[in-house]
Each structure stands twice: as C-alpha cells, then as structure tokens.
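Just one chain follows, in the form predicted alone, and it is written as structure tokens.
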Amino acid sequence: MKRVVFPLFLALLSATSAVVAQNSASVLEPRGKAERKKPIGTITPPPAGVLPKRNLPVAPAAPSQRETIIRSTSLVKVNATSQGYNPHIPWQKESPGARRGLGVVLAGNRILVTGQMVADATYIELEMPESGQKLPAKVVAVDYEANVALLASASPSKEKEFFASLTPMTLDTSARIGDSLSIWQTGRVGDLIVTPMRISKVMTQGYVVENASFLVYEATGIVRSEGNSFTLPVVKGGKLAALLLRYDSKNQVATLLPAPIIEHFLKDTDDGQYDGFPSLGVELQQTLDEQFREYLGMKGGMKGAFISGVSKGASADKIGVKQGDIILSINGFSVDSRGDYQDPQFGALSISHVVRGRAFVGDKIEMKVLRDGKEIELSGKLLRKQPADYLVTPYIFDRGPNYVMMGGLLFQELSKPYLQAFGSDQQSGAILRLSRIAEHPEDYEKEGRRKLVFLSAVLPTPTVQGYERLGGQVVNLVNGVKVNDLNDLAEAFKTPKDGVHIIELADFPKLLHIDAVSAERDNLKLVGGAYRIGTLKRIQ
C-alpha cells in the first residue's frame, strides 16, 4: 500500500494560509478609490433662516417614520482581536488578526453581533461612532451554529457613562417576501449610511457551521463597503429585522440572519443559562421519483420524505426514529415529498425550521412516520447535540485542538476544521479516507467510540526513526487498550508492555513499536525545544 507523506512544515503552511484567509474575509468588497460621493442616507439640514413663504407660523412637525429610521444612537462600533490555533500544529497559535463591525444596542446595555465577530477573540472593545469613546467588552452568550453573540461591558465603572446616550433597539420578526429593509452602516465620522434592500426569498441553509441549517432571508440591492465587515444591522421601520451574513456583489444578493432566529437566541439567554437551538438529527431524501416511491410503498398521492440517516444521540434517535422511515408530519405540520412544510408566515420551508426556529430545547416533539407500510406516532423531548458529543468535532472555537504527543508521534481527535485546513487536498490519500469517515461515522459510533483518534504527524526523533512518513491512520489499540478518545490513549501510554509501546492502527503499517524509555527521553527534549511545544498534551 502507498505510504502517505505528512511533512509538518507543509501542514503549517496550508493551515496558516487558510486561517489568514478566513480572518481577512469580509462580507463586503473594499470601497473603490474613486467613490467619494456623499454617503447614501445622510441628512442635510436646511439652510439657516429659511422659512415658509409669507413667514406664516409653522406648527411643530410630528415625528415621521423617516426620522425614526435615520437615528444612529442604537449602533456602536465593535473592534475585536482574535487568535486561533493551527489545526495541524495544535500547540501553536496563528498570527493575531483584527475584526471590525457594528453592534446593535439592546435593552440592558447588551450588544448584539454575529458569532464570527467574536470567534477566538482575545480582546473586544466597543467604540462610539462619533466620539471614539471606548469600552472593553466581554461575551455573555454565543452560538456559533446560529452565528450570533451577545456582548456586555467588561468595565462596570464606565458602563453607565458609555451607554447614557445610546437607545436600545427592538426586534421586528414580521418580515415576509417582498418587504423593504435597510442595511445600516456608519461613515468615517459616525454619519449613518442607509442602503435599501428587498426580500426576494426565504429559505433554510447553513450559516457558518456545516450541517446546521437555519432560516435565512435573501435580499437584493447594492451594498457598498464602509469597513464594517463582520456585523451589519438590517432594519425595518426603525427595528432590527436581521443581521447581514454575506453579500454577493456580482449578483447583488445579500444573505441575512433573520430576527426570528435572533429572538430565539435572546429568549434562551434570559434565564442566564444558554441551552442553544435544538436539532432533529436526520438526513432527508426527496420522494419525487415514482420508482423510488413504489419501492418505499408510497401509494397514490401520499406525501412524506425518506429518512436516509439518523444521528446517534440526537432528538430523532432518542424518540425512536430509524433509518428508512418516511416522515409524514412533525408537530402537526404535514411534510411533503421534498421535506418541506407550509409555514404560516414564510410558505414552503424545510422541516428543520419547525425544530430550530419554532421550538426550544426541552419542548415536546411529535412525529408521524411510515415504517414497513404502517403509520407510527413517536414523541419525546427536543435535545441539542453538543459539539463534544459528535464523533468528528464539527467546529472548534475559543480553544485549541486536543492532542497527545508521545516520543514524536502526534495524535489528534478528528475534526472538521482539521480537514478543512487542507483545502482541495482533502480529496487525496489518507485525507480522503478521513473525510469519508467524517461524512459517515456510523460504523465507528456503533463500536462505542466517543472520538476518532488518529496519528496526524510524526516529528523526527530517535524514538520514531523509520516512521517519519506516516500520518492519517486511525488508532484502534494502544498497549492492548481500546482507544475511544484521547483520554483512553493517554491512560494506555502509562502501561507499556515489557518496556515497549505497541500501537495498533487501522491501516498500513498496522503495528508500531516504540521504546517507552526512549520516548520519554524524547518527550523531555520536545518540550520547549525547536518545535516550541509547551505541553505534551491538551485534552479538554
């Protein structure tokens, strides 16, 4: 079998490039040098002394809707310094980066931003758009799946003064297809820049994290960049209707995180304990093909979607849903052959919104499925499967990847960020094999594995001479102990067999033998050595 080369310096280069690109990404394009016109939405006062004809008395004008919309006292600038870890060299941090965005002031002196804004943040501060007054901030709650975060002051003594002139904004969850919205930005001196948009589509899709679909609005309009790239508010009638997620300048289409998802997040934080959005944990397949319908026993105009996969430990698994079932209804909503239901506000939507948008963790779920030609009713409580509960960790923020080093052998737990850091190289060699496991982990879950531990790289030390070209092999046993996670691995290394560590791999070369005394000697040299390893393991 062909051996796979995992040079450490190549992994470092690849991962570093990926992270730098991510940190520098913006939802908007840079502003052109030639664009120096007056910002859209700024208000010019009438010349002093200008009065109506005949100098007739003028009654005070009632506040108009436009006057409400152009207020900018509900926005603050948010500046964050971030520094994540290198997925391939897990003891090492990447170069720090900076992010800028606009935060929305909410009741209780809280600030709403996207989760991306504060991911891996080492310092966060709030800044007044006009005066430049600053206030250190902290994260109160964050959900990276829903890409939303709540900030509060980290300096109680300065909080009252900072928020004295700010006005909390409320939510508007009534938006529908065809409604007009406005994206708010601030100019160089705090002037408000208003860009009109119109909702053209409502659907569900992932925000940042894979396999986590939420409600989104798509809106059309021209948006220009003012340097506030990571969080921009979208307003309807002076109320917050959404946050800008992405903007496609070529097609002039904006993807928006809608107020119903923000409202769900804020309600969840009210009790001081954030539970997160529940998940159903199923993969659906359409039943539009007539031959497929006949094979499934779906007669006539029967509707429903085929369940092609059930995530272990998720809500559907807990209430008894099985792979091969056909879902007919969920919480009273009929499911069609595309896996959609008719939402009273938005029309046809994926059933994922019934769970993530219309329910909370702990709420009751009722499902009707077709199994072996018979209708079965199932019920239970909705759960949220935490990132740590997945065999392959879906995302890692605000901490470093777990790892164990032994005599130059680097072991890690498989994660989606580790695979994504390879970019297009995911489709070759051992990385392709690991990618396929990440997509279909069912066999390893049935074995009782909590995490998938694999040999990710080999540092050149005397102990592992001859093994330098290895990498990407799943670890089954160490010293006769089954490895279900890195804790098992670390414990197994405490008991070598006759002074030798025996490592059994799932692929070539199957068995590794390393001298335990020599490995400990190399461990001492690695800490603080040329590779700048601060500790031989991290298990969180």
Partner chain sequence: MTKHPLLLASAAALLLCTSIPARAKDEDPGASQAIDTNSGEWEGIVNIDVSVLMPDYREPWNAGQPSGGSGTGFLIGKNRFLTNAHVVSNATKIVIRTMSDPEPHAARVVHIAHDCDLALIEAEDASHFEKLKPLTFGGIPKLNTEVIAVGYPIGGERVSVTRGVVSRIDFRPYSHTGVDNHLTIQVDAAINPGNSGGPVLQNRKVVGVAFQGFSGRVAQNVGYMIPVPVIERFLKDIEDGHYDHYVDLAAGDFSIENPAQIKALGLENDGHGVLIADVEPAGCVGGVLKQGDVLLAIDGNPVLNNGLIKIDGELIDMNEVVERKYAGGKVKLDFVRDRKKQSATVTLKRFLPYVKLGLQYNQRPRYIVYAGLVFQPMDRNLMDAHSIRDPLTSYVFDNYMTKKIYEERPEVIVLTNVLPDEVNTYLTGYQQSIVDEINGVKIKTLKDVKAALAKEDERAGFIKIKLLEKGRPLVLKRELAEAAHPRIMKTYNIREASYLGEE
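Residue numbers count along the first chain shown, from 1. Keep in mind that this is a model prediction, so the values were computed, not measured. Between two forms, the rigid core is the largest collection of C-alphas that superpose within 1.5 Å.
A second form of this protein, the form predicted together with its partner chain, is not displayed here; the remarks below concern that form.
* Asked: Among 294, 366, 447, 161, which has any heavy atom within 4.5 Å of its partner chain in the predicted complex?
  -> Exactly one listed residue reaches within 4.5 Å, namely 294.
* To do: Quick one: from 222, 388, 348, 288, grab the residue that has a heavy atom within 4.5 Å of its partner chain in the predicted complex.
  => It is 288.
* Please name which of the stretches 264 to 272, 459 to 467, 152 to 160, 120 to 128 has residues with heavy atoms lying within 4.5 Å of its partner chain in the predicted complex. => Stretch 459 to 467 is the one.
* Asked: Applying a 4.5 Å heavy atom distance criterion, does residue 492 contact its partner chain in the predicted complex?
  -> No, residue 492 stays farther than 4.5 Å from its partner chain in the predicted complex.
* in the predicted complex, residue 379 touching its partner chain (heavy atom, 4.5 Å) -> No - in the predicted complex, heavy atoms of residue 379 and its partner chain never come within 4.5 Å of each other.
* its partner chain contact in the predicted complex: residue 429, any heavy atom under 4.5 Å -> Although its partner chain is absent here, residue 429 would touch it in the predicted complex, with heavy atoms inside 4.5 Å.
* Asked: Even though its partner chain is not shown here, does residue 433 get within 4.5 Å of it in the predicted complex, heavy atoms only?
  -> Answer yes; at least one heavy atom of residue 433 falls within 4.5 Å of its partner chain in the predicted complex.
* **Full three-residue contact with its partner chain in the predicted complex, heavy atom 4.5 Å, for 405, 414 and 417** => Zero of three within 4.5 Å in the predicted complex.
* Check each residue of 300 to 317 against its partner chain in the predicted complex and list those with a heavy atom within 4.5 Å, in sequence order. => Residues within 4.5 Å: 306, 308.
* Determine, after fitting the two forms on their core, whether residue 373 shows a C-alpha shift of 2 Å or more between this form and the one not shown. => For residue 373, whose C-alpha is compared between this form and the one not shown after core superposition, the shift is 2 Å or more.
* Under a superposition restricted to the rigid core, does residue 289 display a Cα displacement of 2 angstroms or more between this form and the one not shown? -> The answer is yes; the displacement is at least 2 Å.
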